[in-house]
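Take a look at this single chain in structure tokens; it is the form predicted on its own.
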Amino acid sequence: MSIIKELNQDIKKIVEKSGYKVDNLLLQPSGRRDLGEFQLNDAMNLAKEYKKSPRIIAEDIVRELEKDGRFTNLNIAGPGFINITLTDEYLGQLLTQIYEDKSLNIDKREKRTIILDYGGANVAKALHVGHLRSANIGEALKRLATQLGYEVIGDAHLGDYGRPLGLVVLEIKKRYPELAYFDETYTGDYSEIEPPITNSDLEEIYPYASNKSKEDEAYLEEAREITFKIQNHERGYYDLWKKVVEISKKDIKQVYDMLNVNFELWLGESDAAEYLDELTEIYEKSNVLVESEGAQIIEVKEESDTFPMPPLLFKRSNGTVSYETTDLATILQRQKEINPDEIWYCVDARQGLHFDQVFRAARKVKLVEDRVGLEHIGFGTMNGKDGKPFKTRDGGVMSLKGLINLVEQETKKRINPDTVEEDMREDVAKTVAIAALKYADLLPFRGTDYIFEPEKFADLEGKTGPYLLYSTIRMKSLLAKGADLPIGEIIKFKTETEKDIALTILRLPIILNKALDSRSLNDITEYIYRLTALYNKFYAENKILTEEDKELQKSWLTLTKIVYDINMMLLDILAIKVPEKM
């Protein structure tokens, strides 16, 4: 339990001792620091219950609080708002405890097993800017939830089973018809054959085949037939498809590694294919499959709907299964193999209808137990200055590698050649670029769109990743220079800035839980910026290493270490690496 939570419980006991029972007492940061550091507003609600003036109730509570030596400057504002300030001695004790045990500034939750689906990369297609937010938000949420006590299993959930793969295999067949994969008389081992295809080839083949299928109906129909063969494990086509998946997956992993995104599971839609027969049997027995123009659908509309809700397409007229169906099969697979408490999908908000349909169809036949939560964590788009989803200069979709390179070019301009050796600058620039990109991506509430501005993201001033990295590295350097000086206790405060830092530190557990509840990282990105900016103000106001008052110097070094540890923890939650120098 965090220190601030314990303090809340202590004050709750004091309120009850004064004669009033309160269920959920919560100290609020004061908007008027001249009146107090915290505010207690419960007298207003208690007045209704006890049929007393809130002012009288507040006076009763204050009289009891005054008996406790930890509080000072107790006063009542307005009709009954109680202002509370912690004594410097008590505040220093709290911070010293946090220095000694960082877990005292975190509120752990009851363990739950979460599967977090946040990849969604499509095999044989280049990762593009649209995959950035899913990777960043999903990875950070996974780390945050893990920090707060959940067991979280991240799944890349690769798109490897639909028509795009049929198109790719068809185009390979058109270009290399002599390959053994297409020879019906071949009886050898396909695992010994390597197709003459690289990932770069695949990134060119898919858009070509996709465009051609839009213009050539016969080509599209042939792709559909090949998709059917792949999904039914037909020899040759299925074996080539597996090779294509492996080639593409290797490159996808490299890009995710660059983003410091790590999945516990690298499963694809195809991995749930073995559950398709069982899934179909479940829906057939429940009598929810409806024939419609040769296809099978599931009606998911409910009487309370105030918006259009089309049926879910379960199986197409040509026998192939839909994306919705593979998602249902994946839910069944996860239920049987992992049995999670919740399944979260971190996917573009524009996929909201899809998940409404899938979740309703899953609940309709009790595909998961009622206790299992199914949640779509939608997010907005990263846009260009025109307010539309970000594109390349020629109007195409930019690859994720290209986007990273664009920001890297900007961060290279900010690397200090006097502190970073030439042979390290490339790696440092890339690390800082990823930090710039991630922090900018996580700064707004996840549901909002934002404008991509590499020059602004790479700036060393303001709310940017490079600013946080530079400041954190400077804290580390200061601690290293003062390594022989006493540290480990906050004995006194000199300025209001230090107290602002201390009070901000105490708010950390509230921020972490708020971020997890909202499934958004913006509270954390705002918090780490505020804490860092306060520390930098303090740093500029004081000469820590040459301070003659040794008790004050010890307090300052201890405060520095606490802020540094919090920054490192939060940057790790955001999946941002910190270089040694920059």
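Numbers for residues come from their place in the sequence shown, where the first is 1. Not measured: the values here are computed from a predicted model.
Heads up, the form predicted together with a small molecule isn't pictured, but that's what we're talking about next.
Novice: E408, K438 and K581: each with a heavy atom within 4.5 Å of the small molecule in the predicted bound form?
Specialist: Contact check failed for every one of E408, K438 and K581.
Novice: Y345: heavy atom within 4.5 Å of the small molecule in the predicted bound form?
Specialist: Y345 belongs to the contact set for the small molecule.
Novice: With heavy atoms only and a cut-off of 4.5 Å, decide whether Y323 touches the small molecule in the predicted bound form.
Specialist: Taking the distances in the predicted bound form, the answer for Y323 is yes, it comes within 4.5 Å of the small molecule.
Novice: Heavy atom to heavy atom, is P454 within 4.5 Å of the small molecule in the predicted bound form?
Specialist: No - in the predicted bound form, heavy atoms of P454 and the small molecule never come within 4.5 Å of each other.
Novice: Find out whether any non-hydrogen atom of S286 is located within 4.5 angstroms of the small molecule in the predicted bound form, and reply yes or no.
Specialist: Residue-level check for S286: no, no contact with the small molecule.
Novice: If you check E171, E139, D117, E498 against the small molecule in the predicted bound form, which one has a heavy atom within 4.5 Å?
Specialist: Selected option: D117.
Novice: Which of D327, D459, D251, D271 has a heavy atom within 4.5 Å of the small molecule in the predicted bound form?
Specialist: When the small molecule is considered in the predicted bound form, the option within 4.5 Å is D327.
Novice: Would you mind picking out the stretch of 472-480, 352-360, 272-280, 199-207 that comes within 4.5 angstroms of the small molecule in the predicted bound form, counting non-hydrogen atoms?
Specialist: Looking at the other structure, the answer is 352-360.
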